[in-house]
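Given next, in structure tokens, is a single chain: the form predicted alone.
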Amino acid sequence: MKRNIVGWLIMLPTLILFSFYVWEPLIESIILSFFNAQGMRLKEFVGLANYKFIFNHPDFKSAFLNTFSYTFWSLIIGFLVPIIMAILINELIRFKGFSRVSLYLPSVIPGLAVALMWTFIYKPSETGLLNIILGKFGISPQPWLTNPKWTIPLIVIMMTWRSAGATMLIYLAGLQNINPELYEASVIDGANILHRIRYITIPQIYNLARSLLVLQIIAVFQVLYEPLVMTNGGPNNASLSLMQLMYRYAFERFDYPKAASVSVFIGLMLVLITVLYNTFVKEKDM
């Protein structure tokens, strides 16, 4: 009993801070989403009226579909990149430390600076970096971010460039925990590098990869400042995300109850995704 009291006393500051910064805003947002308000002051209980408004607004459909599009493209473009980078670095004999630091460097650059830098790279005029390079090969300037079909994949490429290095380090740590005797035995049996990756590396990092997969989905589902800075949700809402829709309600229209409704919806979607993932993993592990 005495040991439990000491443990709770040690955790008490953390629990207070967690409750104040996480649970209290969460509960306040849920309450706010059911009211009309003047600023942050509650005025009148309106039930589900705020939810009906945002669901029937045309911006919501675009933001909802775009958010899933961000998630889809992040899995297509960004999920395998850090795994491949980690495997390649793990196989290196020389320059392993230099390669590791070089690939991690984009992760230490502030996200806003990265978004601005890639906005210049994707600039649709002849002064954009990509168009300058294409011009050297006689290719005419491309619209890049102003083309609705390319906007989200191009933003996801930027996000992958910035975050893949940090994720790679996690995979690299997992790879270095693999028993080297497994590789030595496979070499004796005549396995080449592709066989080692298929029969040793991938099975050994499978659990790590599926955990990072769900974390990536949750992170990309909350994409905000990248489309906000690079396209402001355009062209014609082609890159508008749910988080940016919430930002518009809160800081452009100052309609906090509807912003709270969007945030509660995002939270419920993330809970649903997590429950589905855990159910799928539990069934597969049985």
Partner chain sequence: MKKIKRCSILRILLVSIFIISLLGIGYPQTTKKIVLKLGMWPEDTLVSDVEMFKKWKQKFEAKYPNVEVVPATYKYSPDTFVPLAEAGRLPTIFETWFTEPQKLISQGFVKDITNELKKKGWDKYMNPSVKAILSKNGRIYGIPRDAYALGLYINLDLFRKAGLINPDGTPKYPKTWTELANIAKIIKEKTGRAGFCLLAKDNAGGWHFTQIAWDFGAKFEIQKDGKWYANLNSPEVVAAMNFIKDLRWKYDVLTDDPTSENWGTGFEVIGTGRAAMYLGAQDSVNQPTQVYGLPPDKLAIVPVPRGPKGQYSLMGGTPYMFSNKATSEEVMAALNFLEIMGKAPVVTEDSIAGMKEDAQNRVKNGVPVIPSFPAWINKDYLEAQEKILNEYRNVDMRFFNDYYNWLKKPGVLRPEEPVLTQDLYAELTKVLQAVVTDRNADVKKLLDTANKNFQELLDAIVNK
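Residue numbers count along the first chain shown, from 1. Keep in mind it's a predicted model, so treat the numbers as computed, not measured.
Form predicted together with the partner chain: not shown, discussed below.
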(Q) Under a 4.5 angstroms heavy atom criterion, identify the one residue in 217, 243, 46, 229 near the partner chain in the model of the complex. (A) 229
Q.
Can you pick out, from 102, 177, 146, 204, the residue that has a heavy atom within 4.5 Å of the partner chain in the model of the complex?
A. 146
Q) Looking in the model of the complex, is the partner chain within 4.5 Å of a heavy atom from each of 37, 235 and 251? A) yes
**Q.** in the model of the complex, segment of 64 to 72, 217 to 225, 49 to 57, 24 to 32 with a heavy atom within 4.5 Å of the partner chain
**A.** 49 to 57
(Q) I'd like to check something about residue 123: if you look in the model of the complex, is any of its heavy atoms closer than or equal to 4.5 Å to a heavy atom of the partner chain? (A) yes
**Q.** the partner chain contact at residue 127 in the model of the complex, heavy atom, 4.5 Å
**A.** yes
